[in-house]
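The chain below stands alone, shown as structure tokens; this is the form predicted on its own.
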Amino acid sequence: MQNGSHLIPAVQGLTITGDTQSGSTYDLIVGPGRAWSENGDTGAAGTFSRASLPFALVDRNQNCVHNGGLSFPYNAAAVSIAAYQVTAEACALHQFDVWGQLAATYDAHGVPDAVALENAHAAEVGNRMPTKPLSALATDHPAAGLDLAAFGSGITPRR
């Protein structure tokens, strides 16, 4: 469900995708994400918003989790092709990167306990550890004599 710019999965936490006899190797975790619009998101099919959600593939047979993201454009009537990417894992034995696109469908319906879901998500967001930009270190600790330029020295971004 969507609450402002927040996308909140009605089912969170570990989802068992099937039994071991079905051939499924991974279970699934989908987390809350965000939605936004950009200039140019209007076309022949109408005005779309963009969505992005984190997910994790949890290997049933090992202590491995593969982290990824799912992104798709959508509006009140339809969803476009979804793009996914897995680029990180907590697994020494089974490492991989994977990306691609897949068909998606949209079925508009009410979400049971929507207000409770919104309130639980708002509480979780409100209880997160506060963050500040790196530049705040020098302001918050002026006596430390921090050289903020040193934090990124020697690092050359790859493009």
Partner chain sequence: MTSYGVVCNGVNYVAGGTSANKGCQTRYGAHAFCQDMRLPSCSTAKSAFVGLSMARPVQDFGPGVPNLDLKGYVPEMASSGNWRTCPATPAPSRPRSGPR
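Just so it is clear, the structure is predicted and the values come from calculations on it, not from any experiment. Residue numbers count along the first chain shown, from 1.
Keep in mind that the form predicted in complex with its partner chain is missing from the display, and what follows is about it.
- Contact with its partner chain in the predicted complex, judged by any heavy atom within 4.5 Å, is made by just one of S52, Q101, N119, S49: S52.
- Among residues of the shown chain, R128 is one whose heavy atoms approach its partner chain to within 4.5 Å in the predicted complex.
- In the predicted complex, V115 stays away from its partner chain, with no heavy atom inside 4.5 Å.
- The closest heavy atom approach of H109 to its partner chain in the predicted complex falls outside 4.5 Å.
- Interface membership of P133, defined by any non-hydrogen atom within 4.5 Å of its partner chain in the predicted complex, is confirmed.
- In the predicted complex, the CA atoms of E89 and P133 sit closer together than in the displayed form, by at least 3 angstroms.
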